[in-house]
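Taking the form predicted on its own, here's one chain by itself in structure tokens.
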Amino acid sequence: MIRSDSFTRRALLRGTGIAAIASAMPYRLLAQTPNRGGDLAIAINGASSGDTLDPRSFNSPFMAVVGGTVFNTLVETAGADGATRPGLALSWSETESGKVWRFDLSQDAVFHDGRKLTSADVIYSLMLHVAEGSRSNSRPIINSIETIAADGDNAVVITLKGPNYFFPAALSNYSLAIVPDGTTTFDGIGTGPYRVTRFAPGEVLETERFDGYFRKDRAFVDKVSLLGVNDAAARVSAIQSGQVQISSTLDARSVALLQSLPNLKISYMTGAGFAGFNMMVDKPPFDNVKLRQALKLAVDREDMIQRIFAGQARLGNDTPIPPNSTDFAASVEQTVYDPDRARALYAESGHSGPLVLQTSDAVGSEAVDMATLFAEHAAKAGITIEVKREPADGYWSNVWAKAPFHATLWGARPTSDLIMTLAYTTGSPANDTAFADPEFDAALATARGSSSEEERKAAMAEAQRFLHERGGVIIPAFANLAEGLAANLNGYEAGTLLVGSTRAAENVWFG
């Protein structure tokens, strides 16, 4: 263990070499009585100097874990299947065929400044996401609300614009953190297990246990430090050396070396998170569907899985739903590497000259190598891709969803509807390809509004087909993301999002 006040990000970044390290101790949850005490440090990618503690700005792996450490949402998800569980809402129920939802709140939850949680806080926090100027990735979720009203201090009733049987799970989105009513200066006051003691954007968030946390059987460690470590080698070095006790999104090629180290263990996420490539469909030359289709055919997905992910990945088909999901549309033809067809479509698009693909370590440890390999594949189809490596700092604010052709990263969401809605529906602030397709939007609306599971699956398959054929995202694979854990860290449960569904801090202990 290390003390948070003795740890610096600069010291971590100095130690990027990998020593003699080797193979896997399978990760298991240990059934034992949790111990209290100790300081926990976690290395996470995606931090930026532009980060803030306003939940509306949470849009990266680092800030997702900040949300799960300092705040709570109404509903949470946990485990490899992303099952929903109570957050600040202890229970919920629906009427009017999924259009009206009642959420009963914890009466024990208090904010870090001592204020008791009430329904007014919930209403204020949710509606922040649709306030003028908000670019929250949760805006589409809250835009689906027609009215929200308090039923006393301890319950809220939400009436939607249309039926949505997925709605409670959507409220687990990490940016929907609850803050005190009237908050305008966002300094990290939440109801979460740890409260902020220091925040240096792009570098570190330091916290201490909140003794007033409403879950008395959680928050075992004394302090939690979240380190913004965008460099993949530095994250490997940090967990190898014991400078941190959790290290997220490890480079797949390093895992084979790390697995036999006696002082650590490896946990895998097999969720729907992915790294991919965005073609902005509202910017030339990517406003041409034939060019987009040519590029989808110009990437050798199987080769990428072997060479970039060391075989630890599942095949992608340019939708955010992986083949192991119950919502996966097997009826949609799998795109395979076809240089000849790609060459023909590229010629039909009328475009000539190189395409600049912007990428960065901020997207993940394999992002730059993925782009370089993509360029190698595309060259065999006569398509020239120039890879431009951007600085990690500022990538999410300056390049993502702005540059015509760029790398992207998405963590899993609790439902297929939610990831499709956030990332690809018309007008969503998180729509990072500017995809706008009325048929796609309508298929999703049908899926979320049907009480029939068969009808929901059919509509979801239609939505996948439209995105696959017309969309601007290339998703070659869904990596089985490795996370490094200290051997003496217990209670960790891998989730569909990194760092134990972002909430590892409240669940783990040393022993």
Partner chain sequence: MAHPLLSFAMRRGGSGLVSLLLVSLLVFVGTALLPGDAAQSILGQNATPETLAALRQQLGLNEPLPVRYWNWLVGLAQGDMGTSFSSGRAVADLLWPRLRASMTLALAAAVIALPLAISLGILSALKRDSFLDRAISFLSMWLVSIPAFLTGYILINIFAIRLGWFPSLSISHGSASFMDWINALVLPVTTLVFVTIAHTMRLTRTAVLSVMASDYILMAEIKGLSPRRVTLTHALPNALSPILSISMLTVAYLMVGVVVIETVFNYAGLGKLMVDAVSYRDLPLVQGCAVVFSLVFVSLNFAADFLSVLVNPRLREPKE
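Positions refer to the first chain, counted from 1. Rigid core: the largest C-alpha set superposing within 1.5 Å between the two forms. Only a predicted model underlies this, so the values are computations on that prediction, with no experimental measurement involved.
Below, we turn to the form predicted together with the partner chain, even though it does not appear here.
- Residue contact check for residue 91: none of its heavy atoms lie within 4.5 Å of the partner chain in the model of the complex.
- Contact annotation for residue 413: at least one heavy atom lies within 4.5 Å of the partner chain in the model of the complex.
- Contact annotation for residue 233: at least one heavy atom lies within 4.5 Å of the partner chain in the model of the complex.
- Proximity of residue 396 to the partner chain in the model of the complex: non-hydrogen atoms within 4.5 Å are present.
- Though the partner chain is absent from this view, in the model of the complex it lies within 4.5 Å of a heavy atom of just one residue from 446, 52, 35, 480, which is 52.
- Between the partner chain and the residues 383, 305, 204, 109, the one pair within 4.5 Å by heavy atoms in the model of the complex involves 204.
- Across the options 351-359, 82-90, 283-291, 387-395, residues that bring heavy atoms within 4.5 Å of the partner chain in the model of the complex belong to 387-395.
- Taking the partner chain as positioned in the model of the complex, the residues of 227-264 that bring a heavy atom within 4.5 Å of it are, in sequence order, 227, 228, 229, 230, 231, 233, 234, 237, 238, 240, 241, 243, 244.
- Annotation: Cα of residue 235 displaced by less than 2 Å between this form and the one not shown, core superposition.
- Comparing the forms between this form and the one not shown on their rigid core, the Cα displacement of residue 278 reaches 2 Å or more.
- Relative to the displayed conformation, the Cα-Cα distance from residue 414 to residue 138 shrinks by 3 Å or more in the model of the complex.
- Distance between the C-alpha atoms of residue 414 and residue 136: shorter in the model of the complex than here (change of 3 Å or more).
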